[in-house]
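Taking the form predicted alone, here's one chain by itself in structure tokens.
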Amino acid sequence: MVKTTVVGSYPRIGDAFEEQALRRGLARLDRGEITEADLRAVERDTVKTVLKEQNEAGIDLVTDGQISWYDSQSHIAGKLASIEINGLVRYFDTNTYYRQPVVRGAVSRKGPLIVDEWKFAQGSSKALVKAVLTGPVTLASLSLDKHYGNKKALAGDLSSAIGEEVGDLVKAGASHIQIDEPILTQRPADLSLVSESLDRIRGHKAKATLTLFTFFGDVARIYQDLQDVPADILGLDLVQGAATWPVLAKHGSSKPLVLGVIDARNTKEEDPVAVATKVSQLKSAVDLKTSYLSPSNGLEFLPRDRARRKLRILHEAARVVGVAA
């Protein structure tokens, strides 16, 4: 059977009373009724629940749901030297916002970024947990640079910092590490810079599997060049990025793929048989035995109950692909 994974984020809050513990915790923190340490405990309980939902759905390679992340930019950038976190900016074409990092000086890693979060998640999951990091070029592109005046230079120092984090993740036991570069679907010309950044990061990964994931659009124009980036696996959004499908079918892939075939931004439920049928058409072009099926991007844009349902659809589609094989 083809394997399954998720991209990164997961809904933190649901409709049921027990699924709103984090919301209540945040409100109590605002009122001064609990401490930051108390809130961390609530977050960790939520991580356990999110991992349990992924485990029960049969997902092979899971994440911690990025439960403690305010957003994909500030959670990483805010822990680096010389970066301040500013006001809210719209995150790509979504209805969500991120707190914009402001670069005031030379960027470097002061200490762990997500190592402790990954260790806790892996200790709470039956399945392997994938460590997910926002890519240096996306971080550089979405930051306000008041120091370098040159995106390549900023991305270079961010790459060094993220590479160090990857090295510590590997030492902690992480065997799968994903670098998210959604900027590639908006600025394909950044591919060479992404490739340079991954080359720096790759030097720290040892025997771990390094995945490059792109989402929020297609990479049709640069698909063939993507095959040359220094990553072990490529992750593709094939929903918002549907234009990548025909290019993928025509040229195949020399690398294993994460096929983002379940819509993570729409509550409409897919027919798992129809999804499996379409994926099976790639058999001659892609090694499905070493690839994964996944949502198109993080599931945080969906209600919690729909996210759970999408996981079940994903698992069923993968089962059908395996049976057809």
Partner chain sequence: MTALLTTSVGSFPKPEYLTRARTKAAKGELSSDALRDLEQKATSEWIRFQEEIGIDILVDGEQYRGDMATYFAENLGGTEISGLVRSYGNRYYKKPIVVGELRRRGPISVDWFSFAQSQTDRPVKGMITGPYTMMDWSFDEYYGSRTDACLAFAKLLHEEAVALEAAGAKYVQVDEPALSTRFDELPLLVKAVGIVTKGLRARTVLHTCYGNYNEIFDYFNKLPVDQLDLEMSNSGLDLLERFKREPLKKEIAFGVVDVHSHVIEPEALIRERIEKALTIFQPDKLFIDPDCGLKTRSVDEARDKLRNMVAATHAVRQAHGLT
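Residue numbers count along the first chain shown, from 1. The model shown is predicted, which means the values in this text are computed figures rather than measured ones.
There is another form of this protein, the form predicted together with its partner chain, and it is not shown here; the text below is about that form.
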Taking 14, 93 and 301 as the candidate spot, are all three within 4.5 angstroms of its partner chain in the model of the complex by heavy atoms? yes
Its partner chain isn't shown here, but in the model of the complex, which of 223 to 231, 93 to 101, 245 to 253, 143 to 151 has heavy atoms within 4.5 Å of it? 93 to 101
Its partner chain isn't shown here, but in the model of the complex which of 178, 159, 73, 240 has a heavy atom within 4.5 Å of it? 240
Considering its partner chain in the model of the complex, which of 290, 35, 267, 281 comes within 4.5 Å of it through any heavy atom? 267
Report whether the minimum heavy atom distance between residue 88 and its partner chain in the model of the complex is within 4.5 Å. yes
Answer with yes or no whether residue 41 is in contact with its partner chain in the model of the complex, where contact means some heavy atom within 4.5 Å. no
Contact test in the model of the complex: residue 285 vs its partner chain, heavy atoms, 4.5 Å: no
4.5 Å heavy atom contact, residue 26 to its partner chain in the model of the complex: yes
Partner contacts in the model of the complex for 145 to 176 (non-hydrogen atom within 4.5 angstroms of its partner chain): none
